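As structure tokens, one chain now follows by itself in the form predicted on its own.
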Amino acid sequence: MPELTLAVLTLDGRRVTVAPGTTVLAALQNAGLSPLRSSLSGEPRGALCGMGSCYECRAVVDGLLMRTCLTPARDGQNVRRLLEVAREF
């Protein structure tokens, strides 16, 4: 049986552990940190397209702006939602 290697990444300063094959978007949503917000209410919402076409799920992953729905979660990644980056300014 193959060994299951979990990834530990940092999401807006929180360390989380995810299973192999998890996307950064799924890791964020499982941690209650969705990068997606309703334009009407501002409440967190699910992914619009889930295939990288809409660019709404972008976040800063290891210093680069990435579409989180297409980005695999890897051990040691540092992910910051754009909302958190904007708060610094």
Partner chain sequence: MNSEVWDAVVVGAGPAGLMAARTAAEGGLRVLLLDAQPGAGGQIWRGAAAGQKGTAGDLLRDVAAHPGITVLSGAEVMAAETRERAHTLTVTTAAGLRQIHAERVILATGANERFLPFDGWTLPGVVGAGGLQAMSKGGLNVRGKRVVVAGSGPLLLAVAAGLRQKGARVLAVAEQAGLTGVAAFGMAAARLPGKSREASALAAGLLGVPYWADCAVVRASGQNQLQSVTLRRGRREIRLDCDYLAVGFGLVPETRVAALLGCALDNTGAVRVNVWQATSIQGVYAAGEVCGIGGVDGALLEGFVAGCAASGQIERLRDAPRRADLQRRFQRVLERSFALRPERLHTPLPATIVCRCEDVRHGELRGFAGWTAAKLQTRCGMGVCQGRVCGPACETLYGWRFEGARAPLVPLPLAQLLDEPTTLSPP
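Residue numbers count along the first chain shown, from 1. In this text, rigid core is short for the largest set of C-alphas that superpose within 1.5 Å between two forms. Not measured: the values here are computed from a predicted model.
The following text describes the form predicted together with the partner chain, which does not appear among the structures shown.
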(Q) Is residue 46 near the partner chain? Define near as a heavy atom within 4.5 Å, in the predicted bound form. (A) yes
Q: Would you please decide whether residue 67 lies within 4.5 angstroms of the partner chain in the predicted bound form, comparing each non-hydrogen atom pair?
A: yes
Q | Partner contact for residue 60 in the predicted bound form: the partner chain, 4.5 angstroms, heavy atom | A | no
Q.
I'd like to know whether residue 25 contacts the partner chain in the predicted bound form, with contact meaning heavy atoms within 4.5 angstroms.
A. yes
Q. Considering only 29 to 47, what residues come within 4.5 Å of the partner chain in the predicted bound form, judged by heavy atoms?
A. 29, 30, 34, 38, 40, 41, 43, 44, 45, 46, 47
Q: Would you say whether residue 63 is displaced between this form and the one not shown, judging by a C-alpha shift of 2 Å or more on the superposed rigid core?
A: no
Q. Does residue 31 move its CA by 2 angstroms or more between this form and the one not shown when the core is aligned?
A. no
Q) Can a Cα shift of no less than 2 Å be assigned to residue 44 between this form and the one not shown, given superposition on the rigid core? A) yes
**Q.** Closer or farther in the predicted bound form: C-alpha pair residue 29, residue 41 (3 angstroms or more)
**A.** farther
Q.
Relative to what's shown here, the Cα pair residue 62 and residue 39 differs by 3 Å or more in the predicted bound form. Does it come closer or drift farther?
A. closer
